[in-house]
Structures are given as C-alpha cells and as structure tokens.
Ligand SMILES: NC(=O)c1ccc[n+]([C@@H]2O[C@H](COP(=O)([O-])OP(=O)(O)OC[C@H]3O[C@@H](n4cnc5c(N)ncnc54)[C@H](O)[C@@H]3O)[C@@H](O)[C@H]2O)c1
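In the block that follows, a single chain appears as structure tokens, in the form predicted on its own.
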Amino acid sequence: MARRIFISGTAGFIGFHLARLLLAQGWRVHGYDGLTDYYDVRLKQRRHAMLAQNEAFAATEAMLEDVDTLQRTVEAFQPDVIVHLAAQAGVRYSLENPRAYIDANILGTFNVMECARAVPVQHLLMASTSSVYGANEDMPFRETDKADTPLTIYAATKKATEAMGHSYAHIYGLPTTLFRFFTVYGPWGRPDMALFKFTRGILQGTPIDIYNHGEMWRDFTYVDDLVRGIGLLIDTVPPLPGARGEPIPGDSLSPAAPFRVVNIGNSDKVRLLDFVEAIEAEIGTKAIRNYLPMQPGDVPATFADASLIQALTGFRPNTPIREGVARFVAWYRDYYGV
C-alpha cells in the first residue's frame, strides 16, 4: 500500500516540486493550498493542474486559517507524514502587510500542528528559513547557532513556528523536523524572486534593481536539490530523548523532545553580481542595472553549513549556479513564449 503524505502549499513553488518528486516515488499525496493572489494565481493553478494528472494526487483549495476544512481534510486522508510548506512568503512584503504573516505563518502553522497530533502522524516536517539567522555575522550559519535577532516580521514568524514545533514535540512526543531554506531558485519559481525579476527585465530590456549596489552574497539553492533533501529527511525521524544512539557531531537534536532543525543550502556563497552575470550569459544580453541601497530588513550575506544534512542523509545540495540558472531561463522562455 502506498504511503500517504499531506503537503500544505502544493500550488506553491516548493510544494509543487516536492509533490511531483514524491508522486514519482510512489507516494499518495494530498495537497492543501489557498491559492492566494500574492502573485499570479494562474501560475499556481497550472502547477496544481500538472500534479492532478497523476491519479495519486488530490487537493483541497482552502486557507490554513479555515480550521474546520483543514481538520476534516487531514482526518479523512489519514496521512503517515505531514510536510507543512504553505506560508505567506517574501521578506519585503512583510514590511507592507505584516498581518498576513501572523495569520498564515503562526495561526496556520498552529492549525497544522493540531492536525498532526490528532492523527497522529509518524513525522511532522515544517519549513523555516535562513532569515531566522537575522543579524548573525558568523558564517557559515549552523543549526546550533543562536537565532534570536530576526530582522523582519517574516523571519520572526518563522522563528516562532520553530519554537511552537519544539513545544508540540515535547508535550505530545510528536517527531518534528524544521528545515531552514537558503535562497531557493529554479523553474516554476515565484515572480517576486530575484531570478524571475532579473530574467524578465533582461529579456524585456527594462532596468533591474540591484540592492546594496550588488555587494550582497547568497547561498543559492536549486529547487530540485532542496526537495530531494526534504524527501530524504522524511524517514530521518528525530528520536525521543533517551533513544538517541551514537551522537552525530553538530546535531541540533533537542535534549527535551524528538525535534531537530536542519539547514538545506548549497554551502556556496555567491556574489549577487556574479548571479546577474550568469543570467546575462545564459540570455546573451546585458542587463540595464539600477543600483540601489540595502532595503530594510535585508542582510548582506547568507551562507549555510550543510554538514548536518549530509551526515543525516548522505546528501547535500550541489547544483552549480550556472546550471541552475540555465534551467530556469529555459523554463521561463518556454512558459512565456519568449
């Protein structure tokens, strides 16, 4: 019998890729997505339509805040595992509409955790973000580093979900893994992300905004690497205290709960201007560059220590930036017919 996994956010960028991977591996997948209009809903609808071509996929279109629908859906499906990816995304939008982040990321996550303990599932996995490292300056970032200085409400809500997840893992013995993403990119990405904006601007001959005059570094992680890492973590269930076995150096296991935090990043700090040049090279056109100062809430650099995920799964993200950019540009040209 096929294993059953409930994934929130399957019409989103990462949720779509994860669902597609797990369907190919033989899972039964039930998706849950509110299809909000934060960006072009047609892109979200197209993702869901592609997943629906597989008879092992079904979806419910509703908001996480709709607790009755969420509970009925999870109870009817009886998943073995829940992966919670749905969230209000975007660092900059959190400066404009912070309430959306409280509603979706904190209340929505609470509702998902309540469903996970009610089933109960074998493993609850939830998305966090590298943004929780905030004002930290020591790099590469390690899971055991303090993350107490978030710089945006988006980062703060994600840090809150980590704390909420730990409390549920402790109180209910619910095995829980939080994974921190590092600047994910690739085909079917969000239109508000840098690669999407840069590609569109270069192809249209319109200026692209480059913040901090390009003096920024990011740990760009290709989406296929990311979802492969999540897939491998599904069966890497945090053990209960007292059942740990041989310790793994640098592990982030809690001393009080079956709970772990894991970075998923490429461990390759790339300068923003080098990223732009990779897009220019693939398209064959120079960008019109509009250099701007740093935006509020942004950080000059992110850089993951990915040794823990490698120790746990034998895998670490490794797609070179030029290869990943080439795949995105090819998708963009095909999808938009340019």
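A residue's number is simply how far along the shown sequence it sits, counting from 1. As the structure is a prediction and not an experimental result, all values here were calculated from the model.
Keep in mind that the form predicted in complex with the named molecule is missing from the display, and what follows is about it.
Trainee: Quick one: A147, A169 and L253 and the named molecule in the predicted bound form, is every residue within 4.5 Å by at least one heavy atom?
Mentor: Checking in the predicted bound form: none of A147, A169 and L253 is within 4.5 Å of the named molecule.
Trainee: Which listed residue (L51, A287, M63, V270) meets the criterion of a heavy atom within 4.5 Å of the named molecule in the predicted bound form?
Mentor: Among L51, A287, M63, V270, a heavy atom within 4.5 Å of the named molecule in the predicted bound form occurs only for M63.
Trainee: Of S94, T199, T129, T177, which one comes within 4.5 Å of the named molecule in the predicted bound form, counting heavy atoms only?
Mentor: Contact residue from the list: T129.
Trainee: Quick one: find which of 308 to 316, 64 to 72, 274 to 282, 292 to 300 has residues within 4.5 Å of the named molecule in the predicted bound form by heavy atom distance.
Mentor: Of the stretches listed, the one contacting the partner is 64 to 72.
Trainee: In the predicted bound form, does I106 come within 4.5 Å of the named molecule, counting heavy atoms only?
Mentor: Because no heavy atom of I106 falls inside 4.5 Å of the named molecule in the predicted bound form, the answer is no.
Trainee: Is the gap between A58 and the named molecule in the predicted bound form 4.5 Å or less for some heavy atom pair?
Mentor: Contact with the named molecule, no.
Trainee: Spell out, yes or no, whether the shortest heavy atom distance between F328 and the named molecule in the predicted bound form is within 4.5 Å.
Mentor: F328 lies outside the contact set for the named molecule.
Trainee: Under a 4.5 Å heavy atom criterion, is K44 part of the interface with the named molecule in the predicted bound form?
Mentor: Yes - in the predicted bound form, heavy atoms of K44 and the named molecule come within 4.5 Å of each other.
Trainee: In sequence order, which positions of 180 to 197 have a non-hydrogen atom within 4.5 Å of the named molecule in the predicted bound form?
Mentor: In sequence order, F181, F182, T183, V184, R190, M193 come within 4.5 Å of the partner.
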